[in-house]
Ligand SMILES: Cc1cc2nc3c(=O)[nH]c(=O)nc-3n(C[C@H](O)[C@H](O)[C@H](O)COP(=O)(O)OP(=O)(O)OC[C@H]3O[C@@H](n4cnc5c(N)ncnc54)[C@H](O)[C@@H]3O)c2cc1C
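Listed next as structure tokens is one chain, alone, in the form predicted on its own.
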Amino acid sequence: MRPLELHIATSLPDALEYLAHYGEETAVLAGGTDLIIRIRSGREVPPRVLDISRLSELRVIREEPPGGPGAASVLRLGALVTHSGAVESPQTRTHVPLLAEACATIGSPQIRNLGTLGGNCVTASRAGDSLPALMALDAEMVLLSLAGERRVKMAEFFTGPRTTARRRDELLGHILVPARTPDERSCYLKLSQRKALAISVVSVAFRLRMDAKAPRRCNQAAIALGNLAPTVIRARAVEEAVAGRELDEATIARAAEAALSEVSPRDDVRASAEYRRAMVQALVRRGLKRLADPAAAGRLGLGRAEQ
């Protein structure tokens, strides 16, 4: 292994200054649960590594007021918030329970204690568990550089397998997530080979806004799919199949069928493409049936994994 230079950032300006000079040849280290493995295996040996793990200003979780009349409040999560931090935070569990539920399915307690939301986003794995939840939540990435702040919608952040819209002189600083509304129901379903300590085979994040006067009627849907395309994607056809309709058996069946038009899965050591296509239908059906129940509102099933 060729030697690499490690720079430990002592402040946010220090980190941005370093990226301004050496960004093209620098990998950013946060929790290290992915990068360290890739370096040790020889799959990625960057000339330079920027360690940002000591930047306490990127560990914030706080609620911020709405951006305008009628808008929901926003939860700001620093890029260094760990998966455990997201699961245990009262703000996350209250305002974005879908994200807390997804983060609870990630790896082992050790991985959740080290791995960060920002790292999961920048790694941009199609199987990243927090990513479908953030996609369904319409999250916004806040990218920082010496030139200032740039915001990118989650739906536009992923440009390909393990590639993002982040420029080499930029650092992912924060993630902005609209807080849940009273009419919202959500859940995260992950299919894996085991109930814990396993990478997802297929995952689906659901966020539905229901009609207060007709508790089984879905007014608006945001549904995201993981490990079914080169990147995490929004299931637009599924959303259209349920929006404005009662979540009865016929609607749910149409939505599950619509999921097949969204996906382009691949064969790998965990599952075949054919199996993934069958399972996305099953998970869409299962999730919608669960959320059709009015009792689903406010219910947080942390750590749920399907087999």
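Numbering starts at 1 and runs along the sequence shown. This is a predicted model, so every value here is computed, not measured.
Below, we turn to the form predicted in complex with the ligand, even though it does not appear here.
Proximity of D34 to the ligand in the model of the complex falls within the 4.5 Å heavy atom cutoff.
The ligand is not drawn, but in the model of the complex it has no heavy atom within 4.5 Å of A243.
At a distance threshold of 4.5 angstroms between non-hydrogen atoms, A127 is in contact with the ligand in the model of the complex.
Among heavy atoms of N120, some come within 4.5 Å of the ligand in the model of the complex. Not one of L98, R207 and P215 is positioned with any heavy atom within 4.5 Å of the ligand in the model of the complex. Just one of L29, A259, A271, M279 comes within 4.5 Å of the ligand in the model of the complex, counting any heavy atom, and that one is L29. Out of the listed residues L228, L172, A86, A136, L172 is the one that sits within 4.5 Å of the ligand in the model of the complex by at least one heavy atom. Listed stretches are 59-67, 34-42, 261-269, 244-252; the contact stretch with the ligand in the model of the complex is 34-42, by a heavy atom cutoff of 4.5 Å. Looking at 102-118, the residues that come within 4.5 Å of the ligand in the model of the complex, counting any heavy atom, are T105, I106, G107, I111, L114, G115, T116, G118.
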